[in-house]
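One chain comes next, on its own, written as structure tokens: the form predicted on its own.
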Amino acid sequence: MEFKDYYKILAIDEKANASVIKASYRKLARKYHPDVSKEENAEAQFKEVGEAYAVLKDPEKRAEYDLLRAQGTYRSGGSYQPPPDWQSSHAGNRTHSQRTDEDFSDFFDSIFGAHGSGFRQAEDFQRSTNRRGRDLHYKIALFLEEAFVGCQRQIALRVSEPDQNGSIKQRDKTLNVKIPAGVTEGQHIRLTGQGELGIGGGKAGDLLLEIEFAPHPYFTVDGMNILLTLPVTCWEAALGSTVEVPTLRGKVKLKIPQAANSGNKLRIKGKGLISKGGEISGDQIVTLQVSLPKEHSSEAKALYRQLAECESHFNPRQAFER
């Protein structure tokens, strides 16, 4: 049996009020009326529109339908996926002894029975289903420093839940979340019971926080390692030097070896990310980048000429001459 999305049939939003529902029904009823319509399958479309309107115009039927529909999910692109076991959950509602005056579908009967008993069945459905609430997924972007030492963040969610009449309502929810030290990108933190409320006394779902790393001005991440490109002067690279290097734990001294080149990598042990509990510790990998001033003084140019004469035997492009 096909699940019918009455909101889609009437081309309206699930938050539409009674006047919007009525206006859309009238428009579509005129479009598909068998006596005047030239649309393909106009009679079937007309019946489907009438069935959708019969449910959504009735607050009690709409409340019951919304309870069922809220347990489905939306796929990427906006298509609706109904609950996998909705047919078995409603099989007991059907009554074959009588039919309603209107020739509605088996889907309608599976929810409301042959007499469409309305909210009484919605209450029975709530008690009988005892469904756990949906899990919510939320991506949270952290700076590397926050992930390293831990932090507390406030997040805002929009959740769906039934009100006292069984209608599905949207409400805003704000949580203060404590992020432990040592989280890594892609890691999920489960907050039990912070998802959507359950149906019919069922437990609330969970909130799953997925950790993302916000772009950093000079650090990047490779697994548990922190990567840094470090500019050095040509004289620091040629003569060797000791320079200050930023890390997540503050600045440290790094020794640049003599005759260093751009692209050389130096490792600072234990200065990468630390997993929760400290079981795994990464390193900081420093890639050297020899940098020259944009402008040189006349004295500096003279020194470069002198250097060129002293090192005239050195040809970095010798391999190209073979």
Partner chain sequence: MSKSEIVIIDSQHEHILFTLEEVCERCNVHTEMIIEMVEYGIVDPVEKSSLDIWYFNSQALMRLQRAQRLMDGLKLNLSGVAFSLELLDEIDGLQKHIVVLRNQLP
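Remember, it's a predicted structure, so these values are computed and weren't measured experimentally. Residue numbers count along the first chain shown, from 1. Throughout, rigid core stands for the largest set of C-alpha atoms superposing within 1.5 Å between the two forms.
The same protein has a further form, the form predicted in complex with its partner chain, not shown here; the description that follows concerns it.
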Non-hydrogen atom contact L248 with its partner chain in the predicted complex at 4.5 angstroms: no
Close approach of D109 to its partner chain in the predicted complex, 4.5 Å, heavy atom: no
For L227, is any heavy atom within 4.5 Å of its partner chain in the predicted complex, or not? yes
Taking heavy atoms and a 4.5 Å cut-off, does N41 contact its partner chain in the predicted complex? no
Check, residue by residue, if F46, R132 and H188 all come within 4.5 Å of its partner chain in the predicted complex, counting heavy atoms only. yes
Answer key, its partner chain contact in the predicted complex at 4.5 Å (heavy atoms) among K255, K269, H296, R30: the residue is R30
Can you pick out, from L197, L142, L208, C234, the residue that has a heavy atom within 4.5 Å of its partner chain in the predicted complex? L208
Does A23 shift between this form and the one not shown by 2 angstroms or more at the C-alpha, the core having been superposed? yes
